[in-house]
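As structure tokens, one chain now follows by itself in the form predicted alone.
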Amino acid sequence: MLTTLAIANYRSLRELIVPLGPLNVITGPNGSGKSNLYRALRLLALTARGGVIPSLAREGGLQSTLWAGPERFSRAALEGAVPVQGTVRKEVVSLRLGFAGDAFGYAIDLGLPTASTSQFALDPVIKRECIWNGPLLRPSALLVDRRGPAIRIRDEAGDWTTLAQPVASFDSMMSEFADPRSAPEMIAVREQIRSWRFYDHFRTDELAPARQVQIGTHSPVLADDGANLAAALQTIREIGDGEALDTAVADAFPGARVEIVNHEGRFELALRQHGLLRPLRAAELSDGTLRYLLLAAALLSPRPPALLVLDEPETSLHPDLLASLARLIARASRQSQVFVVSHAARLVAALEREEGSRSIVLERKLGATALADAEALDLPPWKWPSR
């Protein structure tokens, strides 16, 4: 389980250190930085799949994603006595992402390339990556250390070995090496990150993938776009907790039951409801009903991830469904660490009552995202690796 999330200089997240629990409920007013926190988590996940640099490029590169405010605020600006003013940059350009967990910690530092004639001169480069043991980066806890193209690995005796093959400036070491004998810690962290799942804004229009008949094959994981919904629900019924699925559906829609129609190997979702003579096909379901079933398939996965992130899962749901959704999320948090980004006060209140829930309320101060009432929180220690 992750115990700390750290982000520096990404959009409004100038310097954010967040303590984590099994169930993390992220809320705050519009513009407080909830979406930026979600994006930063996705960016961190892409380090293990070789996608962090392309993702930053799609966002406009470092110039568009870096913190746009000053490096430091004067005391007068903090007190509101004078307006915020720009200053001459003294520190290096650096976008940093990291986390600490029960077993390992990881951090990545991205910056600008050195001047060259390359056509890719605007691409950010990876300056430093580290994996360490325990909650806090210390020299004695460091296990894998990447500076520029060179990677060092500490063996069981505590000695350092430099890998013969250098890594490209645009590749994370996590996606470049796959030999468990030379870098078992790197492989362990990489596989942990690769198991993370993100679900946001499922399509529910008439052409939504979840409404279509699809080829049926075992699907222990719901696809990002929900295209395999029927197969995912049938997989839960056959090799997962089918009783929990039936309970979740009946909890939200009393007397209802999911049915999967098999058209010679092509699956179609149907929902049988009390009082109707025939089940309703996926194409006939309301947006809210379909979205709830998509969330149920994600949360009841027979192959639970290490981390599950839901962005505004309340979208299109009637308020009466939020209590049922909260119970589903709480159940999932007993097998996976869960993040929920939400505006819905009823959903937030229901989740905050769950055991293991941690409320993360964000606010803006001088343009920067901060934890509300940070002074009253027991913030974890954090140390960034230097360049």
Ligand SMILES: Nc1ncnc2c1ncn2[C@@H]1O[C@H](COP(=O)(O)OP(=O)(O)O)[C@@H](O)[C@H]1O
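Small disclaimer: the values here were computed from a predicted structure and weren't measured. The first residue of the sequence shown is number 1, and the count goes up from there.
Keep in mind the form predicted in complex with this ligand is missing from the figure; the text below concerns it.
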Self-check item: Option touching this ligand, based on a heavy atom within 4.5 Å in the predicted bound form, out of 335, 359, 64, 55
Solution: 64
Exercise. Although this ligand is absent from this view, report whether residue 29 comes within 4.5 Å of it in the predicted bound form, heavy atoms only.
Key: yes
Quiz item: Is residue 36 close to this ligand in the predicted bound form, meaning a heavy atom pair under 4.5 Å apart or at it?
Solution: yes
Self-check item: is_contact(residue 365, this ligand) in the predicted bound form, heavy atom dist at most 4.5 Å
Solution: no
Self-check item: Distance check, residue 349 to this ligand in the predicted bound form, heavy atom within 4.5 Å
Solution: no
Self-check item: Within 4.5 Å of this ligand in the predicted bound form: residues from 1-18 (heavy atom criterion)
Solution: 11, 12
